[in-house]
Every structure is written in C-alpha cells, then in structure tokens.
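This document contains two forms of one protein chain, each encoded as structure tokens and listed individually as structure 1 and structure 2.
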Structure 1
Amino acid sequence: MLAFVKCFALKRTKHPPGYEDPHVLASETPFTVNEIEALYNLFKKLSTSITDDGLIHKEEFLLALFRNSSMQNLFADRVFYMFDRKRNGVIEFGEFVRSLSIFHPYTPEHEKSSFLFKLYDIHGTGFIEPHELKKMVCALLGETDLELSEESIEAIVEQTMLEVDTNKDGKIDEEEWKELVAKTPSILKNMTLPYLKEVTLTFPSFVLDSEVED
C-alpha cells in the first residue's frame, strides 16, 4: 500500500517555480478557479514560446504583446516591470494572474489608478516628475502612428504639470494623480479588458481538460 501511495505521489503534476494554487489566487482576485485554470494554460503557452522553463521572460512577454521579442520601448519595459513583482527578471504564474487582475472589469478603479501611477513613476520615488512624464508620452506615441514635434511634446508635459501639480512642487504625487483621474476618468479606459470577465469563453480550448470545478 505504501509503495502504491509513493508511486501515485510521483505521478502528480509537477508545477514550475512560482506556481500558486488556483483557489488561493481566486480568493485574492476577481477570477474564479476555472478562469485561473484557463489563464494557467495561457501562461504555459506564453512561458514556453522561447524558453521552456515555466516562466515568462521579457522576450516572451514582448512577443505575446507586440509580436516582437526584441522590441525596444519604454512602455513595454514598464509593463513588464509592473508584472514582475518580485523584480527577478521573469514573470511567475502568481504574478501573471495578480497583475492581469488589475485589468479585470470588476477591479476597483483606485487599484487601476494606483497601478497606472506606478507605471509612470519610472524611478519609484512616489512622484511623477516632468522628465518621467515626457518619457512615457514619447513611449506611448511610439505605439501609434501619431508623430509630434519636440516642441509639441514639451507643451503637453508643461500643460499637464500646470494643471495637475496643484501644490506647485514640480512633480505629481499620488493624491494629485487621484484628483486627475477623478476629473478625467477616461485616463483609465485602457486599464480595463472586458474579455477578462469571461476568460473561459474567451479561451475555450484552454479549459476543455479543466480538473477543478467551481
């Protein structure tokens, strides 16, 4: 009997570093257990696209988002940095789910706002300074076909600082950012991905072999 138990234990599914129980993740995010299982299958596809080690490397992340594994773009770098919560250069499954949950339709706006603030706070000082804002504006413009002159970009940054930096200390703090979001909620428009509300319908092929029931 003991030999049988040991044999059974050896056949249990091996999970990569950073794997977390779907039930735990479901208790901490808007996703259900079955949706997290669907995301795990998506994660496995992404994490084996270049290096088969069960972790999403930056090149794999860029390949998934921009179809280009060698892309050089500050915006892409910042998004990867925000997903890589342990700051170890890779995205583990738990990090993938928790970061993706920020974009869920049911996630409170204050969490989306905080995530976006940190995305712009390039140096992690707790403030968004003019040069950081300019870098992010340039990076975002790089994702579009819109071309603006250096003077136009400077004007955008100056006008933004003039309107948002209410205490006139030359930088935007999180409270000022919250006021900006309250006045201009469209800033958070891209922070919500509607299809995350129905992950198992969006990725139906990923849940055909689901082992867990809600």
Structure 2
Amino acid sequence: MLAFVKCFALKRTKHPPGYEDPHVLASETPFTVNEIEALYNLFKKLSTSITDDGLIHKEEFLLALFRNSSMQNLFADRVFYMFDRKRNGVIEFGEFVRSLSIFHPYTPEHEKSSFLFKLYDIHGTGFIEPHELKKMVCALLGETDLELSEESIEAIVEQTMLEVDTNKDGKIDEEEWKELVAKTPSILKNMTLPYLKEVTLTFPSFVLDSEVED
C-alpha cells in the first residue's frame, strides 16, 4: 500500500494523500503560490501533531483550536465537517487550502454565505430549522455557562424565525438566509480572517523550507 502511494509522490518530495500542487491551488483560490507553500508548512505542523500521517484528524484540529484534543464544541465540529469536503474523516492539504480560501478577505460574500448556511444546517436538510437553531443556541450557551430558561431560549429562536422566515414555512431556506445576510452582513463576520492576506509575512522562512523536504 505504501509503495502504491509512493508511486504518486513527486520525485523530490513525498506528499501525503490529498496533496495538491500549489500552482493548481493558487489558480483556484485567492492565495498565491508562496502563500500556499507557507500554508503547507502550517498544514504539516497541524497534521503531524498527534498522528504523523500528514492528514489533519479531528483531534489535531481541536488541539490546534483549543489546546485540547477532546474538546466538545458543536461549532468546531461543524467547521471540521465543512473542511472535510470528501467526508472521509480527515482534512487533507487540498481541502485545507480550499476551505481556508473561503475565509480569505478577497473571497466573494456569496461563497462565505453559502458555506455558513451549510454549516448551520446541522442535519443537512437544506434548511435551517427552529430545532437546529435551538440546538445551536444551547450549544453556545453551554460554552459560556450563561443559563437561560427554556422559555427564553425559545423566545430567542422564535424571534429570529419571525424575522428571517419571511415565507412563513417554519424554516429558513437559503434565499431567506441571503436576505438576512444582505440586511445584516455582520452575520458573516466569522467568515473572514484578515490575516490570511499575510501568511507569508509571518512565515517567511517556510517558503524556502518547502523545497527542502523530509
């Protein structure tokens, strides 16, 4: 099996499964080749922190985010799920770059909006439903230790549905979501990481490292 994988490796460097050529990734994302090389070094660090296989496992993702590989967090789980485009339980390099690119400041809003809608659609029905909203609100409250009564939580959800569910079908579809985003762009706040424009400034040495491998 290993020999088979090695056949696909580049002559000079060995890459894990899911590796994509930086030039290809650069042509399909707002990142430059240099930035992608810098991201590759970051990816290597993350993907070998617990299991040395060049793939980011959930535990490694949680370790990076929370310094705790068994952290329970619904939203981190959803982010991981969204990054894991192939849904094979790990984040490969190509997935890492392509998913991060959604958070790039130059990425159009509609892509961010669509990503976030799918993230919030936790049961994958194509709609954000009140019970999903409630689950998410409860999850957030769980992070904060702030306790609200059942009625209060339901009031918040109901209020949101009233505001967003304009066709009154009891759920939020992607059109209604887009209207909400248009009205309150701050909802997409988490979807932009300004420092993605600066990865090479912060990791300049990595650009050289990437050619001298393993």
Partner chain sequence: MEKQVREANSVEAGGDSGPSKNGENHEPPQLANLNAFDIIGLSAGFDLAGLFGDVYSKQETRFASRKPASVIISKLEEVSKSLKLKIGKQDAGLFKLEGSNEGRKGALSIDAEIFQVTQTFHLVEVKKCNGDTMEYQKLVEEDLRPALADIVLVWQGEKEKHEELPRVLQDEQEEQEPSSSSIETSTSNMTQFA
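Whichever C-alpha set is largest while still superposing within 1.5 Å between the two forms counts as the rigid core. From a predicted model like this one, the values you see are computed outputs, not experimental measurements. Every residue number counts along structure 1's sequence, beginning with 1.
- Choose between structure 1 and structure 2: indicate the form predicted in complex with the partner chain. Structure 2 is the one predicted in complex with the partner chain.
- Message: My question is whether residue 152 is one of the residues whose C-alpha shifts by 2 Å or more between the two structures, given a fit on the rigid core.
- Response: Where the cores coincide, residue 152 still shows a C-alpha shift between the two structures that is 2 Å or more.
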